[in-house]
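One chain comes next, on its own, written out as structure tokens in the form predicted alone.
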Amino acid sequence: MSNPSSSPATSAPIVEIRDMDFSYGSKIALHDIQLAVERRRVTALIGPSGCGKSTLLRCINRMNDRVPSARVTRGAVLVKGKNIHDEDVDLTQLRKQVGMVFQKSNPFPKSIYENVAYGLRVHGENNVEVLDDAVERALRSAALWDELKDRLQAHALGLSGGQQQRLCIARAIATQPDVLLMDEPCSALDPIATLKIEELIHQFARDFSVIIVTHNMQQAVRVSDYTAFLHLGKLIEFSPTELMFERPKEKLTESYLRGTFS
């Protein structure tokens, strides 16, 4: 990866979280989160189970809205400078800008082609040539085109686990988002499939920003430019990945990274 410490930001962050508190009912899940995500960089979110990583990730495209008691109680989340909780924000458009890949692959019970074309159809695109080009482009970007180009009408659920996850990635990037959220995308995959996903993440950072939740410290080192460490709903440290893993500023961060965390 490029060295973020030697590549200062030259433009406004693609995602900015300002002084945000987030709650599930009366339970505070995130407290005073401040985070700026650079364009065309990979940012990893790490920390122990239950620390708020996935909740934070889902704040960025308002997936938490699906939980009735979930709400931002203070602060703001901005994508491309726009507060995503403004009344005029269209959730469909937001999720076109901010795609998401989940921990468990979840292809739709449709053909491979229709899985990738789904997002485009939702946004009203029905031109066959446009859809064909977009499907091919997304499958190529997800390193699936050569494997599946002769099987586009086959059922997506017939693919292997690794192929299904890459298909979900192709579906997420078919609409050409500005940001791709990935919630432990490799946790259910074997080492070979994991390597393929990590290679894709490196390639994606040329075109858009990636934010990935991972429990795997070495994966964070391999794929990310920046790392954010969370503990008990608080952002403890955020810095270039190389710097954090070599010289963490906070004792709690050092304890977690060294495996002496309790």
Partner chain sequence: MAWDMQKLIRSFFASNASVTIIVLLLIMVFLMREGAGFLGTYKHELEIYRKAGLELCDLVDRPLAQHQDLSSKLRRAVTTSIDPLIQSTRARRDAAFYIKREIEQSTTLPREALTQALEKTPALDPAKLDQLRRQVASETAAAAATAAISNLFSAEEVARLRREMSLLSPEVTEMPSFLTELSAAFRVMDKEAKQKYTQLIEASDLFEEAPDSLRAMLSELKEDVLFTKEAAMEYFTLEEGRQKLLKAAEVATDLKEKADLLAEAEASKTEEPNYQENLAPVLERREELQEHITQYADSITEALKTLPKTGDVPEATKLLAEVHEHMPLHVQAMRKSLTEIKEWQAEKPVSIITVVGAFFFGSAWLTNSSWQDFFGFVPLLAGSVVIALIAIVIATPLSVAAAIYTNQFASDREKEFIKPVIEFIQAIPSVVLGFIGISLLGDLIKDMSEIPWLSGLPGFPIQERLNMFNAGCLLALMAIPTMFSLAEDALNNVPQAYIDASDALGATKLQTVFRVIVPAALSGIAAAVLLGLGRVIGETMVVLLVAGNRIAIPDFGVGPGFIFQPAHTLTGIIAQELGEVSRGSAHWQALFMVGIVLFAISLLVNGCARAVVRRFETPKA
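Positions refer to the first chain, counted from 1. This structure is a prediction, so every number in the text was calculated from the model and none was measured.
Not on display, but discussed next: the form predicted together with its partner chain.
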- Task: With heavy atoms only and a cut-off of 4.5 Å, decide whether residue 206 touches its partner chain in the predicted complex.
- Result: no
- Answer with yes or no whether residue 63 is in contact with its partner chain in the predicted complex, where contact means some heavy atom within 4.5 Å. yes
- Item | 4.5 Å heavy atom contact, residue 127 and its partner chain in the predicted complex | no
- Using 4.5 Å between non-hydrogen atoms, is residue 118 touching its partner chain in the predicted complex? yes
- Message: I have 95, 108 and 157 flagged as a candidate spot, so tell me whether each of them has a non-hydrogen atom within 4.5 Å of its partner chain in the predicted complex.
- Response: yes
- Note on the structure: Which of 186-194, 165-173, 81-89, 127-135 lies within 4.5 Å of its partner chain in the predicted complex, heavy atoms considered? The stretch 165-173
- Message: To verify the annotation, which of these, 140, 71, 123, 149, has a non-hydrogen atom within 4.5 Å of its partner chain in the predicted complex?
- Response: 123
